[in-house]
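There is one chain below, alone, in structure tokens, taken in the form predicted alone.
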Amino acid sequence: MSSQTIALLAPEILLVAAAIGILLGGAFRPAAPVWRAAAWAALVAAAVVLWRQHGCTLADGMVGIDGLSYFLRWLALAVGGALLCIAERPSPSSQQPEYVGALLLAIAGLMLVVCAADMVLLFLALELISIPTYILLYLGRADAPTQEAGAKYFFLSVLASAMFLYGLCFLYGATGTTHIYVGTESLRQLMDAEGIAALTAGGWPMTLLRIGGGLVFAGLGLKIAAVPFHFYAPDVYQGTTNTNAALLSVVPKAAGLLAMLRLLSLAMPLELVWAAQLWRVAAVLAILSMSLANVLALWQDNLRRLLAYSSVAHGGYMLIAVSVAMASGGQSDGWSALAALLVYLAVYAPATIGTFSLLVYLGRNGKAIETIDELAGLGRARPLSAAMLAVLLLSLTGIPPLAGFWGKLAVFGSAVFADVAGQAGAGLWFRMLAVVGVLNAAIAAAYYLRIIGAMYFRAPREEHQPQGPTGSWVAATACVVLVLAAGVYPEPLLRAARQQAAVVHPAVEAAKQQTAFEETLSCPRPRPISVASF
């Protein structure tokens, strides 16, 4: 690892160093108010350093910094700031250092996921998200439902990590390296030497790739809560706090989708039959996630449980873009699948975090808002809060002129106009995906409008006197402003996503050079298993 790599990873290093300092210092002064200020200082310092890195790219060993990672690192910092705003003060207050320290580590993990060019670093970055999340779930509340939610998430997240790591072992066996893009070059060399027909005729490399790809998909499917791996999400969301639910809706989901994109799309030769099968698996998961989650959400009365199914459905929409990227290498006729995914993440995160922020703010007497009935009459009692919540929910629905409309339009457009001439039947698949996505957006409107209807067309059950932290109101206001601004004037967001998606994985060329160099060494790296070996 060079000094240049360390310099470009300075934002992540700052967050990790600040988190360690807060966790250690909290052992001596647990109730000091300085820890939240220290977390803010670390986020601001990381943002300043990241701003100065504009236009920098790097392909150095385990790290690959490109336009995609630059865009998403900014998004991760914004998510971290919003979550720090809405975080309720843990009770007792002595837990505050652990709370903000774990939050900084999770954000640093998300930033490292998008920079990883090596399977080992990718796994460690995902664990840097998972382990602090266990702490955050445990610190949320001390009642039995919260502890049960934390236990469910812990055991299933450990299972997901085990399957993901086991899948990486099979991918290593097929490629002979843990470097994602060097592995791609190994597969291409093997295809050149033995022919694509020999490689795809059921030999060991294809067998290992299929097993590894299936395990990686299952492990990441659990992390993003895609159907049929979604079963834990409603119970965990219902049992935890609104702040933790906001974290689970954005951070692990974004990390899982981006890991899937890096491993199974950007670094996989499209000539492989296995790659052609893989995008179909992603497309089926997208259809199942959208359809089942939206239908089940129609019967929910608990707000966090309803928003859990909503989160699963939005993961399905984003899987459309991942599927298109797998089939087309991210290229399309005017609509880039990578750019569409960036736009969707950028508009989904503020709408979701803003919704949970308002639920935190509207809590009263130490009790969080739990059901739709508790929002009845909010339009009369708190018209501004009701209007803000309505804007955020309509953005999640995809109603113009709000930001969510452009996210859905970009994803569905990338499916309709995908450049998949080399994949038989892919065009029909993606047009069908777009139609299913539009139908599911209409179904989702029913339960979002049900919440809005309760606020404006039902009499209040009791007086609304919000007692939530001021920070939650500030975060919600910022999210509403972003949703409205990006909806009315989307050009800066669309242009930034398009530009950054066009500068993807500079590590590919570096991988070619590294592979050629290693061929000249007397002790080359392990070679992938060859068909001729058997």
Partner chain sequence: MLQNVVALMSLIVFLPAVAALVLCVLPRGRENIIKLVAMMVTVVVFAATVWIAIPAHTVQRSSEEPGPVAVSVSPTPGRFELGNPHMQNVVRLPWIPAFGIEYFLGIDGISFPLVILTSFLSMLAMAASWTIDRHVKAYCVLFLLLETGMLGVFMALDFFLFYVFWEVMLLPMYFLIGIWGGPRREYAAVKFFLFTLVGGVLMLIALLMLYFSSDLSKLSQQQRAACHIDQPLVVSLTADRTPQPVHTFNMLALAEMGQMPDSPFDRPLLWDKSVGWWAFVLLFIGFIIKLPAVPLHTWLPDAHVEAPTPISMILAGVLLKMGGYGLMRICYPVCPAAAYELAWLVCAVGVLSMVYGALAAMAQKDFKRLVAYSSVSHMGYVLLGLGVWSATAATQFNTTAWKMGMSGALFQMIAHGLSSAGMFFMVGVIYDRVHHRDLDQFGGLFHKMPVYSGLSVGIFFAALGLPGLCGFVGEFLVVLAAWNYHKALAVVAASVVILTAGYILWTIQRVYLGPHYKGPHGEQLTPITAREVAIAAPLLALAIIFGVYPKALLDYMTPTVNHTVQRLAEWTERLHR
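Everything quoted here is computed from the prediction, not taken from an experiment. Numbering follows the first chain given and starts at 1.
Same protein, other form: the form predicted in complex with the partner chain, not shown, and the subject of what follows.
- For the partner chain in the predicted bound form, the listed stretch (487-495, 472-480, 46-54, 66-74) containing residues with heavy atoms inside 4.5 Å is 487-495.
- Within 4.5 Å of the partner chain in the predicted bound form, a heavy atom is found for all three of Arg380, Pro400 and Ala445.
- Put simply, of Ala426, Leu257, Leu394, Ala125 only one has a heavy atom within 4.5 Å of the partner chain in the predicted bound form, and it is Leu394.
- Only one of the listed residues (Arg364, Arg458, Arg280, Arg210) places a non-hydrogen atom within 4.5 angstroms of the partner chain in the predicted bound form, and that residue is Arg458.
- Of the heavy atoms in Ala368, none are within 4.5 Å of the partner chain in the predicted bound form.
- Proximity of Lys152 to the partner chain in the predicted bound form falls outside the 4.5 Å heavy atom cutoff.
- Interface residue remark: Ala410 is counted as part of the site for the partner chain in the predicted bound form, having a heavy atom within 4.5 Å.
- For the chain shown alone, Phe417 is a contact residue for the partner chain in the predicted bound form, at least one non-hydrogen atom being within 4.5 angstroms.
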